[in-house]
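First, one chain by itself in structure tokens, the form predicted alone.
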Amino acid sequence: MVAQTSAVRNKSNRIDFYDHDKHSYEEFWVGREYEHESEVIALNRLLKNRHYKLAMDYGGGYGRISPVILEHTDKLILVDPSKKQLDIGRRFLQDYKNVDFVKVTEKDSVPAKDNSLDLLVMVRVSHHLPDPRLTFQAIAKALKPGGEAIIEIANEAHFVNRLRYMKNLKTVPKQPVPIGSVANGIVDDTPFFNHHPKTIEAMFNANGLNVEKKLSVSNLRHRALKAHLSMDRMLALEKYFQGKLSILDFGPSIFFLLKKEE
């Protein structure tokens, strides 16, 4: 197991940091339209021609990506540790009648019966998990045999980072890497971590979650590119490259489509 300092352990035990009064997760996404649309492209690609009876948006905040999932499921459970985010979600998703809102209170837990979910989607959650193994165990237990999961990973081994490590004659660490706070208004002890995709894939395999497909996402996430390319052009390139660059773990975000062993 990855050794952790007491400070890291204390950070990792809190899950309600998005309830902080000074933080607005909706405002966090202002100016990040490219990142949001890149994730929508990835989800639509992975969910294409699929339909589920019961799906869960795990750690879904106010339901930013829930409308995409709702196009492919009869019922959705939006789960988050933040009461504030779930309250916003009730307004954001008020036009949908097939959504339940559930506040999770325990770290590494999935509020569902064993073998009950047809689909679980987890996006923008891994960066708060210093050691995601227990979370993956809980996800595997909650999925039906043959059930599917889409899990996004904050990628420490993305192309720009690999160049940085090479410049310093180092290799990308296989263990989680703390990266500090990256969101305005979040309390100081909020954990943020990047992960190595190969380490994550080994954890999936250990829990009977087989990788069906992988996408490299937000491949053009760079200020210089945003300044010189139109949004339409960036998203067209993003759509073209997500599958092709996945073999290189190129982008800062990796989306996995997983299937639980039957």
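Position 1 is the first residue in the sequence shown; the rest follow in order. Nothing here was measured: the structure is a model prediction, and the numbers come from that model.
Absent from the display: the form predicted together with a small molecule. The rest refers to it.
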Which one, 153 to 161, 94 to 102, 80 to 88, 171 to 179, holds residues whose non-hydrogen atoms are within 4.5 Å of the small molecule in the predicted complex?
80 to 88
Which of these residues, 123, 140, 117, 76, gets a heavy atom within 4.5 Å of the small molecule in the predicted complex?
123
At the 4.5 Å heavy atom threshold, is residue 25 in contact with the small molecule in the predicted complex?
yes
Taking heavy atoms only, is residue 250 within 4.5 angstroms of the small molecule in the predicted complex?
no
Can you work out whether residue 149 and the small molecule are in contact in the predicted complex, taking contact to mean some heavy atom pair no more than 4.5 Å apart?
no
Answer for residue 195 alone: is it within 4.5 Å of the small molecule in the predicted complex, judged on heavy atom distances?
no
